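Heads up, the chain below is alone and in the form predicted on its own; it's given as structure tokens.
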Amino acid sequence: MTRLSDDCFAGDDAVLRLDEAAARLAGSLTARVGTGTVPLAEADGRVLAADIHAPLPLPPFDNAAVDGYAFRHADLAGGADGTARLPLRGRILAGSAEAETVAGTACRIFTGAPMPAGADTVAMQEDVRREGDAVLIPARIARGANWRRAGEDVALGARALPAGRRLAPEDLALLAALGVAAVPVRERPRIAVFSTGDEVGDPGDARGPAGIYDANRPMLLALLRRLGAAVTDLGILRDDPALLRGRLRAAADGADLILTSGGVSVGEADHVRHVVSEAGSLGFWRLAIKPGKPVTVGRLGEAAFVGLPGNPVAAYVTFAFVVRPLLARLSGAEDLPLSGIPVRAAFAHAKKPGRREFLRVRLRRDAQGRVEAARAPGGALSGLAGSDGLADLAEEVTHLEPGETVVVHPHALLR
């Protein structure tokens, strides 16, 4: 189960900067999710529970990096035309047993084939000339060229991957090359997801004249699954404090995190924050960001709680910068890398100081081939769907001019 300290959840009406909120969460959450072992083919997206040390060197033996000819570099005496003539002896294919190189000879070799004993250099076949049973090799070829030494990629016993790493396809390739067939992983954090509001309905249901379809839950469920969570969809909660209290308490018994959207602002029908404060403990509920100021963070029993705004764009932004790093900590994953990329702005924007603002942008290339960010066209959801990422304007920024540098968080790096 997830353990949460009381420090972050003492209750605070302050409007927090995003980095202050992140620091509070980082200092208040530790993960005690269990561990298990899964086959390599099922390990994508899972979090490593232990360091992986190389059970064999990689590559496991000296081998040729190209198709060509293996020989001893000391045999390149060089003739008047700058080449050495070496008789051919043997032919080694990938998967063949290595041969022995006799002094003063060359061996035909193919990419990945083991280096013959005594050879220390491989000449690319494009760089040599055949003359009957001999090859002419340029004397300028450096010693050790095209020779991949055993263990030069990963040494025997070296740490290949650290505990806490969320495994990606390229990690699976490394583990497979090392012969690792089963991987120790942490259990997936259990996330219970609700939407709230009397006006909200599921797509496909009958919609009243003042009703809207729930855009948040499908988005949040998809984001959570992409991040490796075990998700329970608990549907839509109506604006009834007693119902909210009972459903949230029940969800807390089997979840590491309860995630809701809607009902966290200051309206008369926004009951979520008050229910969390009464039934559990409230940490903070206002962030100095736009969009996404009303974000409730607290706990119910041993489960963490995050209530996101009802606006879908605000829900997406606060998920990316509050829930995503929190989920990594709950998962026992290593700290998330910074995802922002500095690019040239192709638009002007003015803002008030004191709030960090995220703008939906598209990435494109200008006439000089430089990557630049332009405002995404459309409204709220169409603009989010049509954008490539979020431009990040810090609290102290008051204006942005075309040509200035702006940090953009591509959507692909937020998932």
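Everything quoted here is computed from the prediction, not taken from an experiment. When you see a residue number, it is the position in the sequence shown, counting from 1.
What comes next is about the form predicted together with adenosine monophosphate, which does not appear here.
Asker: Report whether the minimum heavy atom distance between A97 and adenosine monophosphate in the predicted complex is within 4.5 Å.
Answerer: Looking in the predicted complex, residue contacts with adenosine monophosphate do not include A97, since no heavy atom lies within 4.5 Å.
Asker: Quick one: is E199 in contact with adenosine monophosphate in the predicted complex, heavy atoms, 4.5 Å cut-off?
Answerer: Answer yes; at least one heavy atom of E199 falls within 4.5 Å of adenosine monophosphate in the predicted complex.
Asker: Is L257 near adenosine monophosphate? Define near as a heavy atom within 4.5 Å, in the predicted complex.
Answerer: Looking in the predicted complex, residue contacts with adenosine monophosphate do not include L257, since no heavy atom lies within 4.5 Å.
Asker: Heavy atom to heavy atom, is I212 within 4.5 Å of adenosine monophosphate in the predicted complex?
Answerer: Yes.
Asker: Have a look at P189, G262, G283, G292 for me and say which one sits with a heavy atom within 4.5 Å of adenosine monophosphate in the predicted complex.
Answerer: Among P189, G262, G283, G292, a heavy atom within 4.5 Å of adenosine monophosphate in the predicted complex occurs only for G262.
Asker: Name the single residue among P309, P116, G332, G298 that comes within 4.5 Å of adenosine monophosphate in the predicted complex, judging by heavy atoms.
Answerer: The residue from P309, P116, G332, G298 that makes the contact is P309.
Asker: Okay, which stretch from 240-248, 214-222, 121-129, 139-147 lines adenosine monophosphate in the predicted complex, with non-hydrogen atoms inside 4.5 Å?
Answerer: After filtering at 4.5 Å, what remains is 214-222.
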